[in-house]
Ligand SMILES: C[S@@+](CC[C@H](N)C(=O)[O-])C[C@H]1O[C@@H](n2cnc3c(N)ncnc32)[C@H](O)[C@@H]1O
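A lone chain, given as structure tokens: the form predicted on its own.
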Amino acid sequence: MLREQKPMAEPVEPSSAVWPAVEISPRAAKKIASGVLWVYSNEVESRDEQPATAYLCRFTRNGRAVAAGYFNKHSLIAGRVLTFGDAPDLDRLVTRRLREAFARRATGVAGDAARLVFSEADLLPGLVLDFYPPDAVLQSGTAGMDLLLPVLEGCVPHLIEEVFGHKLQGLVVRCDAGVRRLEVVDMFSRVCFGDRERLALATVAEHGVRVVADLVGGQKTGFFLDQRDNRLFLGSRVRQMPGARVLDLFCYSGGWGLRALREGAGHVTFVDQNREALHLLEKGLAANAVPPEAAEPVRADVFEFLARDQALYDVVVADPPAFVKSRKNLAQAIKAYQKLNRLAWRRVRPGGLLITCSCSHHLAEGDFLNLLAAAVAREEGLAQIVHRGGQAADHPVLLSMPETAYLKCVGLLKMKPE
């Protein structure tokens, strides 16, 4: 169980003029100069010893400041860069970074939910900020970013009001992602302000679809904003097949299937093994006034469901959680992706569509396409790629850090062999 508590990392006073030094290797200094924001533990040559697990620091080479950021003595990615050069005025730096990130998204936020900060891609490594008008969720994935939470909690509400014209009614801090285990740091979360019950059943707007999300304890920050553009692609195809039968696998709160229903699908089968997810789905179906006969929620393991299901669908969506947690289990994960897509492909009628995804950044796009080709070939099928998508535009990619590109979405048309 997650506990509401303070982070274990000891905050460093933002106005501190002297930050401890971490001397890094020539290779690390060269990487930082090319735009890489990570310093690995084996690239650290020496450092000023500090009592805290994580602390703000200057990254130096031969005593000269290369960058400033934070250091975690227990993490493989030991250092993360906040700015190039010497130690900054932290309060001013964070405010400027937020303002710049917001400005890049200002034209795309018009009452709908959006990601306002995407970690390294917005030069705030370890931080995610998602906006679910009238609420927001701050998510820290690292012990070092925990140090900045007091600054963030102080400036985020008024900056959102200034840039977007929305006064926040709720703000949640989520420090509960599994990646924090790699940082050897506690999981915690808290509601900074706002009604906890309302935040646990928040309504998220996405181009006319209303999805109910748990911003306090749901997956990620409550909803998967990264699939927005791919869900719109699904909607465009469903509009071309009125009354379509759709299968939404790993449906969570129903983002894909609710989009299909709005665009004219006749029936959607939603499958997920998580009871809380299906509870959110039921709320979402009601929020969109979906008639009972148009939707069937099924609580089941997706692989077991596909093994016994004999129905054919016009569209099958397979959007699983990340199967690849690390490079060492990549081969095993590829087998799981192949099995999933073979089973899903069997449920697509000839002329129908399979939309399949991977959010595993360790799995390259080329490898994903190769395993899909192998899966279709094993089923003696013929597929045409009609869509290749990635994460939504508010999840930008930092060119110098390919790790910030993680989402793959492929649409496969099941061609008729005759």
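Residues carry their position along the shown sequence, with the first being 1. These numbers were taken from a predicted model, which means no experiment stands behind them.
Although it is not shown, the form predicted in complex with the ligand is what the next lines describe.
Residue-level contacts in the model of the complex: of 313, 250, 164, 84, one residue has a heavy atom within 4.5 Å of the ligand, and it is 250.
For the options 282, 301, 100, 89, the residue carrying a heavy atom within 4.5 angstroms of the ligand in the model of the complex is 301. Proximity of residue 75 to the ligand in the model of the complex falls outside the 4.5 Å heavy atom cutoff. Interface membership of residue 231, defined by any non-hydrogen atom within 4.5 Å of the ligand in the model of the complex, is confirmed. Of the heavy atoms in residue 319, some are within 4.5 Å of the ligand in the model of the complex. At least one heavy atom of residue 274 is located within 4.5 Å of the ligand in the model of the complex. Only one listed stretch (121-129, 169-177, 282-290, 216-224) carries heavy atoms within 4.5 Å of the ligand in the model of the complex, and that stretch is 216-224.
Taking the ligand as positioned in the model of the complex, none of the residues of 22-60 brings a heavy atom within 4.5 Å of it.
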